[in-house]
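Before any questions on how it binds or moves, here is one chain, the form predicted alone, in structure tokens.
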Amino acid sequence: MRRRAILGYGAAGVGAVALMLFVGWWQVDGPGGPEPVGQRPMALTEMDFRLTDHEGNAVGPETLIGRPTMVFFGFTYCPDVCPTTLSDISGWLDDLGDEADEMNVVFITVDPERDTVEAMAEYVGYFHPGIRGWTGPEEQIARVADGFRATYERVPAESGDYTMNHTASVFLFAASGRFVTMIDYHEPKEFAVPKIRRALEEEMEGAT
């Protein structure tokens, strides 16, 4: 009996430690963690850039104001991160159902040299129809990335071609243009979708 009680206390102790570690991860490195100081994106209302969407329409930060917004940076020649993330986003939008129609979802290229309007149109066509592709001059892409606090760089390949390193997280903004949070690369759907709903709920609260 005494041995059973000791084992019971031991199991409870392990469970408590595991819970504490999970809470610590959630608050520091996980979905509940704060954005790094100095890396928080600007509000959309404070940004200034001019791009073109995959249908040839002029777009800018004002295009995104009024509805919750999800933004991801990447490029069409991306071998894994971009198609994986856009597939994840497509799944999240499917899970949201009709609520997905209330959002702006934008894929912004960091490789405008190769990602023309036509190339973006073909690429986003492989994913959820709600995803828009944006491209533009290099200097405008740089302005966008600076506002979002996103990073990217051109990396030479052994073949003589090049690839791009870039921020792999997804940015979430409220309808007001205020930054809400980020969804990390490969973040489980169980965490990602509630974050998106939070941005949608802020839109509804602002409308009441």
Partner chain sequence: MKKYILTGTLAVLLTFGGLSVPALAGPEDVVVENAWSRASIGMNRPGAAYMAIRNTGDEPVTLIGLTTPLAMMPEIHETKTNAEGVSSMSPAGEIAIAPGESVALEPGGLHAMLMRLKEPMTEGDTFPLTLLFDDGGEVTVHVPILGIAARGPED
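Residue numbers count along the first chain shown, from 1. Predicted model only: the values in this text are computed from it and were never measured.
One more form of this protein, predicted together with the partner chain, exists but is not displayed; see below.
- Remark: Asn104 does not count among the residues lining the partner chain in the predicted complex, judged by a heavy atom distance of 4.5 Å or less.
- Using a 4.5 Å cutoff between non-hydrogen atoms, His54 does not count as a contact of the partner chain in the predicted complex.
- Taking non-hydrogen atoms only, Pro137 never approaches the partner chain to within 4.5 angstroms in the predicted complex.
- Contact annotation for Thr181: none of its heavy atoms lies within 4.5 Å of the partner chain in the predicted complex.
- For a residue to qualify, one of its non-hydrogen atoms must sit within 4.5 Å of the partner chain in the predicted complex; none of Thr63, Gly66 and Ala142 qualifies.
- Residues of 181 to 195 that come within 4.5 Å of the partner chain in the predicted complex, judged by any heavy atom, are Tyr185, His186 in sequence order.
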